[in-house]
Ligand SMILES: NC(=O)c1ccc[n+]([C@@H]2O[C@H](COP(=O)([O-])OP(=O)(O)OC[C@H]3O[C@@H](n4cnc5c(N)ncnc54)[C@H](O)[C@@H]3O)[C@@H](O)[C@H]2O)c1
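The chain below stands alone and is given as structure tokens, in the form predicted on its own.
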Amino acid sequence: MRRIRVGFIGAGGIAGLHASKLSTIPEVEVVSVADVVYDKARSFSEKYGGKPYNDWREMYKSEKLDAVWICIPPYAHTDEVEEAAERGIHVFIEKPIALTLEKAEDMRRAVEESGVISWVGYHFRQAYSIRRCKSILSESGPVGVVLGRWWGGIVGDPKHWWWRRELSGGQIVEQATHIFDLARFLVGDVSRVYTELTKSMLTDIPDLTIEDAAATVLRFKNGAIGVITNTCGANPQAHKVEMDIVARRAHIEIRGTKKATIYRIDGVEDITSLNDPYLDEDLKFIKAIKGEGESEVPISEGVKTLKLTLAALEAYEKTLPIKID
């Protein structure tokens, strides 16, 4: 059995999560990790294996990689995707894939022209509960209303990149992107958006330069309408990551990646997901590399969801609805 040789760019929490999942897949070998903070790369390698580097370019030159997991903040992306594609290295990249559409399109072109396999880490798509809801929606007639929520708290401390809009893109782009992507996955692409955002609750935290609340109205191409709200000011006991969808013959309630309820004329179906969506996306990506399937979330999907979230911000800045091609 040929082992898939894997490298990591970034040695933070999400990289460790993926490495822990990959460690359960016999045909995978973590051979290297690169992080600008060398001590983090070294600690990662001690736990998950592989040679530590503080420069991913040096890692690319020195290691024969089959695939790379790119797990760095959105502001830190340079040309690691493009160089991987040039070298024939398959790319798993965490969301959001970039802070600008121009950069995202450069990534997409490089991947598609090279023929390498790509996968974007929208793990909600792998939850059994959500996949069951998608199946039900395919036979439930047209969708009328979508309501999504990402109500959470502040990530990290004042030194964390997440606090600063120029580094994270804000909560819509970096975090609520999961809900925007879920709306696309379940209901379809969006033709028009309008957004209002504010920093009205957390005014006593001047270092926080992202929105603390926002509401985005979506018009889907199939005629459905939706509203997605997000906040980083929610009480820790009342965090909500969820979506409600009303279709002609079904009403669906999704609660995170574990629970869903489907209401239909012939009864109610409660679903509890027992699968691990992170493991499933990593395993499916490995299988795609081996020719045992195709990528379910190629980088083109990451471009589309980024385009939607950036359009939401543009709509706020221009105080106008923004059409999405």
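So that there is no doubt, residue numbering starts at 1 and follows the sequence shown. Remember, it's a predicted structure, so these values are computed and weren't measured experimentally.
Beyond what is shown, the protein has a form predicted together with the named molecule; the following relates to that form.
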property: Check all three, 56, 71 and 96, heavy atom within 4.5 Å of the named molecule in the model of the complex; result: yes
property: In the model of the complex, the residue from 185, 128, 161, 194 that sits within 4.5 Å of the named molecule by heavy atoms; result: 161
property: In the model of the complex, the residue from 47, 259, 287, 40 that sits within 4.5 Å of the named molecule by heavy atoms; result: 40
property: Heavy atom contact within 4.5 Å of the named molecule in the model of the complex, the stretch among 212 to 220, 88 to 96, 249 to 257, 109 to 117; result: 88 to 96
property: 4.5 Å heavy atom contact, residue 35 and the named molecule in the model of the complex; result: yes
property: The named molecule contact in the model of the complex: residue 312, any heavy atom under 4.5 Å; result: no
property: Contact flag, residue 25 vs the named molecule in the model of the complex, heavy atom cut 4.5 Å; result: no
property: Heavy atom of residue 302 within 4.5 Å of the named molecule in the model of the complex; result: no
property: Within 105 to 139, the residues that have a heavy atom no more than 4.5 Å from the named molecule in the model of the complex; result: 121, 123
